[in-house]
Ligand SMILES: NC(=O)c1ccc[n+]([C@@H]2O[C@H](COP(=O)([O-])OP(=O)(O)OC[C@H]3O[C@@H](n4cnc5c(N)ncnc54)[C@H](O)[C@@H]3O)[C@@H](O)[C@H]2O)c1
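Given as structure tokens, the chain that follows is alone and in the form predicted on its own.
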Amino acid sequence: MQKYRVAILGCRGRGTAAGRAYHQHPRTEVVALCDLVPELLATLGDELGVTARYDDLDRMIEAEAPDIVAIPTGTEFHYPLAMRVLEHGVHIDIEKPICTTLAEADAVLAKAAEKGVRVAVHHQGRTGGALQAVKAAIAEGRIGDLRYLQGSGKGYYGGYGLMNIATHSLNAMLGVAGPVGSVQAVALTDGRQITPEDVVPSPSGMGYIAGEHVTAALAFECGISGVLLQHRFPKMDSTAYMIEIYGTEGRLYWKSGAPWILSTPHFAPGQDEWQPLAPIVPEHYDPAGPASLEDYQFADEYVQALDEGRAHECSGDAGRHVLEILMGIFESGARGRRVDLPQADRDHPLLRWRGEHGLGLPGPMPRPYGEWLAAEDGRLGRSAS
């Protein structure tokens, strides 16, 4: 059977995770690495035993002929790097979110279609064993009919949480309930509804954001609804990152690596307790290896998709729909009305909103999250928290 050749473009944390997954999978081989920082190339190259190391992606692709190029870089680099890689007619695995605007995402998917290659967006939670167990329980009728879904984040600043961790929550929700037809949101900063002056550059290069506390109602095309919560906490709390799936006869709980089931649709102390579900794991996955299960299963899904000539479950279209929902939430929070999807305007709704009020691009903000929070608190006239 074909063994797919993989190149990693960017050797920091997420590049290391992707490299380990493709290195461990029996049907993929990491053949080359590319980064502008020699120390990062050396560290990951030595770990994986990859000697083909480059600082130029075009030269790497021409010399090594990979089938897949992973692009686990900062979000602001996704669009230009994806377009360069796709010119070579190579499949891509791009870190989430797919891009910073819908116009960029449209261009990436159009280029992939033109070249006849696939785009997968690295929402590893959707292909992971925990969500596979949740979907199996739903298919088996263990919670009855779906009623609604609720997702929450880790306590990041709300707008940043949307572009960061909420992308995973939303893609998991899409895997359970299908596409979203419309959104309606409340976005607050400093306890009041956001204004155009509250539109700021995101930490980590994720475009432009607004809203310290964001609550969004999602109307799924299948006829059920959901809620997505992204609220800033005094301290980040990774245990708060989860989705719950409510059924007529029970409930399911998902977070990365941890599926649970409740045999009653409502929970109260002293009644039936949550019970763990076993994640669904490929037989060929070795937990003693360097790859995380979810990243490994993302790679495994790519192998199966390419074998079968179909889209990855976390396809470019699915990744763009996640971004469509996020942009709809920002627009709804800004304008105080429901936003139907897909949107006709593909530019950034928050920048369009500022332009309508005679404002240009917001001034620069620090990229690291901690420094960004301190700057935002200073903008709001309060001490850093």
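Predicted model, so just to flag it, every value in this text is computed and none were measured. A residue's number is simply how far along the shown sequence it sits, counting from 1.
Not pictured, yet referred to below: the form predicted in complex with this ligand.
Participant: Using heavy atoms only and a 4.5 Å cut-off, decide whether all three of G15, V37 and M206 touch this ligand in the predicted complex.
Facilitator: Judged in the predicted complex, G15, V37 and M206 all sit within 4.5 Å of this ligand.
Participant: Do R126 and this ligand come within 4.5 Å of each other in the predicted complex, heavy atoms counted?
Facilitator: R126: no, not in contact with this ligand in the predicted complex.
Participant: With the partner left out of view, is P72 within 4.5 angstroms of this ligand in the predicted complex by any non-hydrogen atom?
Facilitator: P72: contacts this ligand in the predicted complex.
Participant: P97 near this ligand in the predicted complex, any heavy atom under 4.5 Å?
Facilitator: Flag for P97 set to yes.
Participant: Tell me, yes or no, whether K255 is in contact with this ligand in the predicted complex, where a contact means a heavy atom of each within 4.5 Å.
Facilitator: Residue-level check for K255: no, no contact with this ligand.
Participant: If contact means a heavy atom within 4.5 Å, which one of 19-27, 358-366, 372-380, 5-13 is the stretch that engages this ligand in the predicted complex?
Facilitator: It is 5-13 that comes within 4.5 Å of the partner.
Participant: Of these, L81, L174, A133, V108, which has a heavy atom no more than 4.5 Å from this ligand in the predicted complex?
Facilitator: Looking at L81, L174, A133, V108 one by one, just L81 meets the 4.5 Å heavy-atom criterion.
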